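The chain below stands alone, shown as structure tokens; this is the form predicted alone.
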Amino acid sequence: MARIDLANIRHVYGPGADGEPQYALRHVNQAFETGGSYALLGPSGCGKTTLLNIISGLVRPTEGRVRINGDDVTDRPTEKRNIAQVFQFPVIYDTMTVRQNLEFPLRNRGVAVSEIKRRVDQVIEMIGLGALAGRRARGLSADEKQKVSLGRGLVREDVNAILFDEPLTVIDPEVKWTLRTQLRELQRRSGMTMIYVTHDQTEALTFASGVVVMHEGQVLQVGSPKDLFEKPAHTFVGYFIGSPGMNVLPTRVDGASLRLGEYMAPLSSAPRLRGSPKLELGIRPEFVRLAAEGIPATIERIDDIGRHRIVRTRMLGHAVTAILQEHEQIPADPHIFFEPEGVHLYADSWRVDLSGKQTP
């Protein structure tokens, strides 16, 4: 178990077409607390895997320092950091059996035979490969091989942290939910520090207690799933978290209200702003209501997905999505109004609180 601190991390893979540095990571300061479960969440190319490889030692950062339990390990190789890493595609020995693959990391470290058996039996049960324990890995399917790779990362109890780089990509969809749940339960029982890279918000939100949302080499927000949903610190977080994502509309501040054309959306108090930022109103579809009064809207599409309906509308020339429960009626002449508790103000893409303070 370990606390991991990243201080002023920046990383460049090489110059771009214009000769300027192309930063994979722009400026990252992040702490991963001892025994925490974290997910690095963001779209492809945002820097998640680079950050994970910097923690493990596979990549040395261009700038900044990596500390594990207070020790500077920036210049230490991977094998000196005592970290287990599970990659997107299986890394196992094809000539060994499933059991031998899982035993290997422990035998290599001189663990007692009885302890090896206990740990391997536990992991084999968790990954559901008991019937295949004696089979050579060469004959396994892709998802079975990845389960073995996952097990190799979990079998050691002495590691500082376990890092997962999209480990369920090749796993059958029906098995993914079970494995995610088991990983989360193992983390709770063991107290291991775990960091999980994914572009899938469902994986991130069901596994992690702390979700690190990344975009274009930056960490935009770190928080619980509840925090990310209720108070997105950046418009990208609002867009990326949620299905569908947050509506973002151009707006102006008028006292304690936000103005959209001739219409007003109330705030609890008047915000104080610095300079002349680009202002936007953010509201999740769950807080958008269709009624007989409000801002006139045109319905473009309705998606009925069972327990609720997703209504796509056009309002003041902008696309606005609403989520309606089954019992809610859609007026013949629809208008839109926003539930006040769901309205957020963003200045240059960053959320502004009621005192006028921007998130960064």
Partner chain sequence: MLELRDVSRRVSGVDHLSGISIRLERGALNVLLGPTRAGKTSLIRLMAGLDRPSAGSVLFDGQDVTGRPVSKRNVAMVYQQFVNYPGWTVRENIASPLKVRGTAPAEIEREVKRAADLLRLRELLDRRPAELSGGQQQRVAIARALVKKAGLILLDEPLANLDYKLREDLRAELPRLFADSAAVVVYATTEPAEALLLDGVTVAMHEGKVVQAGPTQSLYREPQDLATARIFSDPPINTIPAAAAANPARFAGATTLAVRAHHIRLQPRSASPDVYVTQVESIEINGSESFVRLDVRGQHWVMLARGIHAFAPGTSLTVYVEPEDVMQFDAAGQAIRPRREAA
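Just so we're on the same page, rigid core means the largest C-alpha set that superposes within 1.5 Å between forms. Residue numbers count along the first chain shown, from 1. Everything numeric here is computed off the predicted structure, so don't read it as measured data.
The form predicted together with its partner chain is left out here; the points below concern that form.
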*asked:* If the criterion is a non-hydrogen atom within 4.5 angstroms, does every one of Leu205, Pro244 and Glu286 touch its partner chain in the predicted bound form?
replied: yes
*its partner chain contact in the predicted bound form: Phe164, any heavy atom under 4.5 Å*: no
*in the predicted bound form, does Lys226 have a heavy atom within 4.5 Å of its partner chain?*
yes
*Can you check whether His308 is within 4.5 Å of its partner chain in the predicted bound form, heavy atom basis?*
yes
*Though only this chain appears here, would Gln201 touch its partner chain in the predicted bound form if you measure heavy atom gaps against 4.5 Å?*
yes
_Single option in Glu326, Glu293, Glu300, Glu63 placed near its partner chain in the predicted bound form, where near means a heavy atom within 4.5 Å_ = Glu326
*asked:* Can you pick out, from Arg184, Arg259, His215, Lys231, the residue that has a heavy atom within 4.5 Å of its partner chain in the predicted bound form?
replied: Arg184
_Answer range among 273 to 281, 117 to 125, 136 to 144, 251 to 259 for contact with its partner chain, defined in the predicted bound form as heavy atoms within 4.5 Å_ = 136 to 144
_Where, within 145 to 181, is there a heavy atom within 4.5 Å of its partner chain in the predicted bound form? Residue list please._
Asp172, Pro173, Glu174, Trp177, Arg180, Thr181
*If we fit on the core, is the Cα of Glu326 displaced 2 Å or more between this form and the one not shown?*
yes
